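What follows is a single chain, given as structure tokens, in the form predicted alone.
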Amino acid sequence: MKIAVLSGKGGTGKTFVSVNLAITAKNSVYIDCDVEEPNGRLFLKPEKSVLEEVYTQLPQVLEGKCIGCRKCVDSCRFNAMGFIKNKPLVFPEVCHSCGACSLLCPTGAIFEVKRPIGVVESGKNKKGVQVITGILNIGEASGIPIIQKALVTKVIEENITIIDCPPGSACTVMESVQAADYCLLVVEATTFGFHNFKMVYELVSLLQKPCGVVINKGNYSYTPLMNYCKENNIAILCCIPYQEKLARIGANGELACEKDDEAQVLFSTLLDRIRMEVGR
């Protein structure tokens, strides 16, 4: 079973929920797809990690063979090539490595070279959780190739896989939830949190993924959120109150379900609820 954990905005507690679910599930797989700022490994602490570099293909131009036909420029859907001073120019930041330019060049003036954009780190922690972390190089425009590589890393299929998605509802999130059996939406009971939650719920609905809600830092009932979930038949699986002791545990790089009995029961119950929802 693959569970994707999402949030409409950063700071809602998505990783907090993800890492505690991974530990609670035992012998699980945790995949951190928040490649711009992955921090699940700070809590799960994998050992003997192995790094695998991830590359994209970047077109290069042999000026001596270019005849200035502009087919490469005209074929690029992403406007990653321009024609300046009678020669093609590549803009690496917007290139999607589709290969169309090299394929359509009539003289073979365009070839592709590997360009490193980040790494996928794999290891296991002392509790047997396999931790796979995508890490995007600073300054890179898109983390999708890293996410794709992290999601296809060899894992034990029968184990529960927790996919810690990027915040928001952009293309990287869509890529992260493609293989998920169930989506867990972590939301703050605030006006801002509710606004962004609706966007990410629209995304999982378009992808036709079953989902449920975890309300984090939910010390009071936020009526618009409760009504929205009721109107759209979204299951509210649990509500995690803000507690200083949980904040201190997280600040120390520790796991709530290992340090606090109430949290252990909460995440065990949450995992059982998810299993029930998936089994329906």
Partner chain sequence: MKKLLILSGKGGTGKTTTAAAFIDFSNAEAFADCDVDAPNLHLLVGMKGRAKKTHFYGSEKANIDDKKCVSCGICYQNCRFQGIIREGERYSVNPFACEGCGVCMYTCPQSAVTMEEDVAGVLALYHEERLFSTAKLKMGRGNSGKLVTEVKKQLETGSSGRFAIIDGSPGIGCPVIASISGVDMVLIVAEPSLSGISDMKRILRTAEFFQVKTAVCINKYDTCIENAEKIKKLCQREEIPFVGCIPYDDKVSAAINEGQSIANINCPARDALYEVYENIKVYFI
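This structure is a prediction, so every number in the text was calculated from the model and none was measured. Residue numbers count along the first chain shown, from 1.
If you look for the form predicted together with its partner chain, you will not find it shown, but the lines that follow are about it.
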Worksheet item: Pick from N159, T153, S97, N125: which residue has any heavy atom within 4.5 angstroms of its partner chain in the predicted bound form?
Response: S97
Worksheet item: its partner chain in the predicted bound form: within 4.5 Å of a heavy atom of each of K9, L103 and A189?
Response: yes
Fill in: Stretch in contact, per heavy atom within 4.5 angstroms of its partner chain in the predicted bound form, of 247-255, 25-33, 46-54, 227-235
247-255
Worksheet entry | S169: touches its partner chain in the predicted bound form, heavy atom cutoff 4.5 angstroms | yes
Worksheet item: Within a 4.5 Å heavy atom cut-off, is L203 in contact with its partner chain in the predicted bound form?
Response: yes
Discussion item. So, V119 and its partner chain: in the predicted bound form, are they within 4.5 Å at any heavy atom pair?
Written reply: no
Worksheet item: Is T107 one of the residues lying within 4.5 Å of its partner chain in the predicted bound form, judged by heavy atom distances?
Response: no
Discussion item. Could you pull out the residues of 218-236 that have any heavy atom within 4.5 Å of its partner chain in the predicted bound form?
Written reply: Y222
